[in-house]
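Okay, so we've got the same protein chain twice, two forms, each given alone as structure tokens, structure 1 and structure 2.
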Structure 1
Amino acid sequence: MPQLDFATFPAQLVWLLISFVILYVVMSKVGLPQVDRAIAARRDRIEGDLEKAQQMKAETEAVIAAYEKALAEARASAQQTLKETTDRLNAEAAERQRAATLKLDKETEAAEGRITEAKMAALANLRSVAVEVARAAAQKLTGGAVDETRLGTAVDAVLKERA
């Protein structure tokens, strides 16, 4: 094997040095700049993506804040509408209650008036019935006719005592 021959070591070392220098120059002038450009492009793309992600995150946060604000406004509006509706319904119920109370009061007064009229009619009828009963009883007891004016006065006196 020629590479293990000690006589060829200096020539091999020279070619190794020449090959190393050529490879170094080619790599430093062609290969490494391409790798450097690829790394820079990748870094730029990553930084752009990170900036775009930050921008999208800021936009998302703005949209979320606007959504939460709109939701809070909608809730407040719904609460206000609910309160107004409840107040209106309560006022209507109170008005219906007041109207029903007035109607019942009028009906009660009318009923009391009818009861008083019926009582008066019954009492008036009671006087005539009492006079008739007293006349019939006096006729049976005495066997003769009784004075109607005296009977009316006696019945009136008894009714006054009872009233």
Structure 2
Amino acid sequence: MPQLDFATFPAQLVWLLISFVILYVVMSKVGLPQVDRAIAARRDRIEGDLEKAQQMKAETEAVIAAYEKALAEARASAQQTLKETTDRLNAEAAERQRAATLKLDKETEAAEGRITEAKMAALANLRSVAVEVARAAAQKLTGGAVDETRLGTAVDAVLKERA
């Protein structure tokens, strides 16, 4: 069995040592650090990209929030303007109505005054007409002159009674 040929042992051991030392030195000094750098570079790149994406997402969210805030503000200010305008218009309408009512009241009052006046005038006319009618009636009945004073008193009394 060649494996038990002791004469070959030193040669195998020496070359094993040489080979393995070369391998170990190259791996530990060059090969493995190089692989490590390649893997680390990729990991850093991926982490960097993820971070950037996260940052961009946050920025987008901030922009959306700002937009929504502006929208809400605009809506609120529109609401405010609408309310103010409505209030102002309502106040104006109320004012105009009040003025109109006042004017109407005044006109009504004035008209009533005129009506009373007319009524008074009419009533005054009524007395003179009544006195005439009474005089004529008394003359027809009595055939003579009529005491003007008594006539006036009688007409006044009847008028007062009817008023």
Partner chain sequence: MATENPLHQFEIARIVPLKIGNVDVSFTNSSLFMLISVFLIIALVVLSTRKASLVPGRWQSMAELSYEFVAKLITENAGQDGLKYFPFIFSIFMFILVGNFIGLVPYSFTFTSHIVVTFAMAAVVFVGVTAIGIARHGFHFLTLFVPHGVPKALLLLLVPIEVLSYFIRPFTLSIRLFANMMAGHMILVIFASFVVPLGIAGAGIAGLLPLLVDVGLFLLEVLVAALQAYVFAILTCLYLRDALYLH
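Residue indices: 1-based, along structure 1. Whichever C-alpha set is largest while still superposing within 1.5 Å between the two forms counts as the rigid core. Computed from a predicted structure; not experimentally measured.
Of the two forms shown, the one predicted on its own is structure 1, not structure 2.
For Thr60, the Cα coordinates differ by 2 angstroms or more between structure 1 and structure 2 after the core has been superposed. The rigid-core alignment places the CA of Ala11 2 Å or more apart between structure 1 and structure 2. Annotation: Cα of Asn125 displaced by less than 2 Å between structure 1 and structure 2, core superposition. Comparing between structure 1 and structure 2 on a rigid core frame, one finds that Val25 has its C-alpha moved by 23.3 Å.
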